[in-house]
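Listed next as structure tokens is one chain, alone, in the form predicted on its own.
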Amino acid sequence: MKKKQVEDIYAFGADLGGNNLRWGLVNQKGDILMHEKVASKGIKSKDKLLDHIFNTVRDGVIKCQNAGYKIKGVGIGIPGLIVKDKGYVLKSPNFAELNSIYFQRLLEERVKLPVIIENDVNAWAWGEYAFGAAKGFWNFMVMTLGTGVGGGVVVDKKLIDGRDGTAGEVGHITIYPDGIKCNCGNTGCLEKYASATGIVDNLKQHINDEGAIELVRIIGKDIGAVTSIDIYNQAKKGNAFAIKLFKGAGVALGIAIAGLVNLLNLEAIIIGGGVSAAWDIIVPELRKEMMKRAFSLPARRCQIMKNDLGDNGGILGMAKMVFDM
């Protein structure tokens, strides 16, 4: 392949997900010029997983360099608690094999370039700030409603990591003190009401209710096999109990967001993730609860918005961090 004559400098952004590792070569305008997606699921050996991640990133970097692109550095978003200034993965819920690993140093040894690591949702928040829905905002939060509930907070144009790298864990704000037991050890966390797993858990909590029994019958699966997508499909068809579950997610989000609005005077909450497909059911309840509980001035200011960048948010956010190094 003939090398391209490229004068600009580029960033290599990557996003490690539970199923896939995605990377992209990004220019300073936020255009993704080369990209790839490689499976990341099912590798349980620590050494094999690290080799798989590092080799995938290294091979991608080499592919971009061979195409003539000059790369400033590599940024990778990782799910979990990240101590960014030390390049250290404290704990990753999806990849326990990465716990207590000085990931940044090891990857730098493999790719021979500067590396920066960050929590995956924080990376997405920074991507939305640089290139997406949050452009122009000083204070906002990105929330992901997926298997769990993640958050990334930007205040006064600065990403808030916290002293220990644990800032933004909005999914573990207590909503109902006597509520459902959470995997984190607490009870009544937002994640147990507004995530995909939380919506299913709420169905199980009400399994003796007539509406829940009928919903499971219509879905046609054992209760243990029912997914949030099954419930959403019935909500779209007008099933009252399915709609109730998603409205409950909106109420829980509204309670949490009202507190955040009062605390941080946020201009926007930007929402993505699989559960956000039920936007038309969830968001009216969210807004109503937020307006009821938050101070009126910041509540009126705060916009509830869909994300712009989708699956590319983390890649673009990490690329922006590389450019900012």
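The first residue of the shown sequence is 1; numbering continues from there. The model shown is predicted, which means the values in this text are computed figures rather than measured ones.
One more form of this protein should be noted, the form predicted together with another copy of the chain, which is absent from this view; the next part is about it.
The candidate spot formed by I173, L260 and L297 is fully in contact with another copy of the chain in the predicted bound form: every one of the three has a heavy atom within 4.5 Å. Although the partner is absent from this view, R293 contacts another copy of the chain in the predicted bound form, with a non-hydrogen atom inside 4.5 angstroms. Taking the partner from elsewhere, C184 is found to have a heavy atom lying within 4.5 Å of another copy of the chain in the predicted bound form. Shown alone here, R301 lies within 4.5 Å of another copy of the chain in the predicted bound form, counting heavy atoms only. The closest heavy atom approach of G165 to another copy of the chain in the predicted bound form falls within 4.5 Å.
In plain terms, the part of the chain that comes close to another copy of the chain in the predicted bound form, with a heavy atom within 4.5 Å, is 156-164 out of 156-164, 67-75, 217-225, 230-238. Contact annotation: of the candidates I117, A242, A133, M141, the single residue with a non-hydrogen atom within 4.5 angstroms of another copy of the chain in the predicted bound form is M141. Among S45, N55, N265, Q28, the residue placing a heavy atom within 4.5 Å of another copy of the chain in the predicted bound form is N265.
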